[in-house]
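One chain follows as structure tokens, the form predicted on its own.
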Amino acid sequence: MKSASIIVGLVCLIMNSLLADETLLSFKQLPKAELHLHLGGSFPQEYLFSIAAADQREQLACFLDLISQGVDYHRGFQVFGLIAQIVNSEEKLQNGVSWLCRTLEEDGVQYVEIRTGLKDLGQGTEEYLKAVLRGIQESGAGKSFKLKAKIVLSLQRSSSAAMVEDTIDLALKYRDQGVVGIDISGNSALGQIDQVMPHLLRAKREGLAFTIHLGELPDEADQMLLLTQLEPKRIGHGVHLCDEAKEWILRHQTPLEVCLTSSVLVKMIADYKLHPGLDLFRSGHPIFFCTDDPLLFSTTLSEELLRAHQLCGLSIVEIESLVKESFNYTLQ
């Protein structure tokens, strides 16, 4: 009897695995929009390993293993310094963007907004942006490719006024060439956003759209200032919102970017089912699923959809509807 029970258990495991594979394949075949993806945390691992020195590969592998086991929110940021050391030229950046676009297309993504902060890799911040644009063009995104790729320029809460001005100037200059908006992100415990708000309001007056990381930490400040002044088109994460911020988002029906795996692995939430975006969805509020940093969290958009189905109880019909509606929430 015991051996029969073991056999039945193995058969069930195999059947469940086959069903998961079939469901994942169906999600891969869905045309999808990826609207919360940071370039630094999204370069394909194979590409980074191909250009990294031996010690850098070892460090990166250790970082990825650490993150896969769950890591403190602040400690997770440290990996970006290593990735910046690996992707340290405009040529490497361009090639990495091209590789990323091809990888996304293989997962069925048909529209992506790639977020990146401006950096100086030796030739200035504008050359950095142009290298990202060349990478998109090199991949074929927007031409024969099914994938259409756009850029969202990221600002840290701790960014200097000079960096904010530079970023806004380049966003305005290149908005007809692929830049579609501004992202406010970074460690929400740092920086005083009120000091650069006048510059951000200039971007708003000029018609640039905003998406804002909000509610990543329980003690996050300035939520209402960011919401009421910038009136973002979308909110990233939204895990720890103060009551006033949640009420504002509900009243304005501001779509929420839900990154399930990211939120679990950096310990914003203890379990996939606990993401507050799921309750918002069930109450009729607009949400959609994203990867955040597919390299760091070893995920794809299709796999995020599978987790929403298997671990959060959303039906395939509900997920298909969410995926279709996500195209309505782009910044362009």
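One rule holds for the numbers: they count along the sequence shown, beginning at 1. These figures come from a predicted structure and were not determined experimentally.
What comes next is about the form predicted in complex with inosinic acid (IMP), which is not displayed.
- Taking the partner from elsewhere, E90 is found to have every heavy atom lying beyond 4.5 Å of inosinic acid (IMP) in the predicted complex.
- The closest heavy atom approach of E113 to inosinic acid (IMP) in the predicted complex falls outside 4.5 Å.
- Mapping the unseen interface onto this chain, H237 counts among the residues with a heavy atom inside 4.5 Å of inosinic acid (IMP) in the predicted complex.
- Put simply, H38 is close to inosinic acid (IMP) in the predicted complex: some heavy atom of it is within 4.5 Å.
- The chain is drawn here without inosinic acid (IMP); in the predicted complex, the stretch among 170-178, 209-217, 190-198, 94-102 whose residues come within 4.5 Å of it by any heavy atom is 209-217.
- With the partner omitted here, the residue from K204, K233, K119, K146 that has a non-hydrogen atom within 4.5 angstroms of inosinic acid (IMP) in the predicted complex is K119.
- When inosinic acid (IMP) is considered in the predicted complex, only one residue from S159, T261, T254, S185 comes within 4.5 Å through any heavy atom, namely S185.
- Residues D292, D293 are the members of 265-304 with a non-hydrogen atom no more than 4.5 angstroms from inosinic acid (IMP) in the predicted complex.
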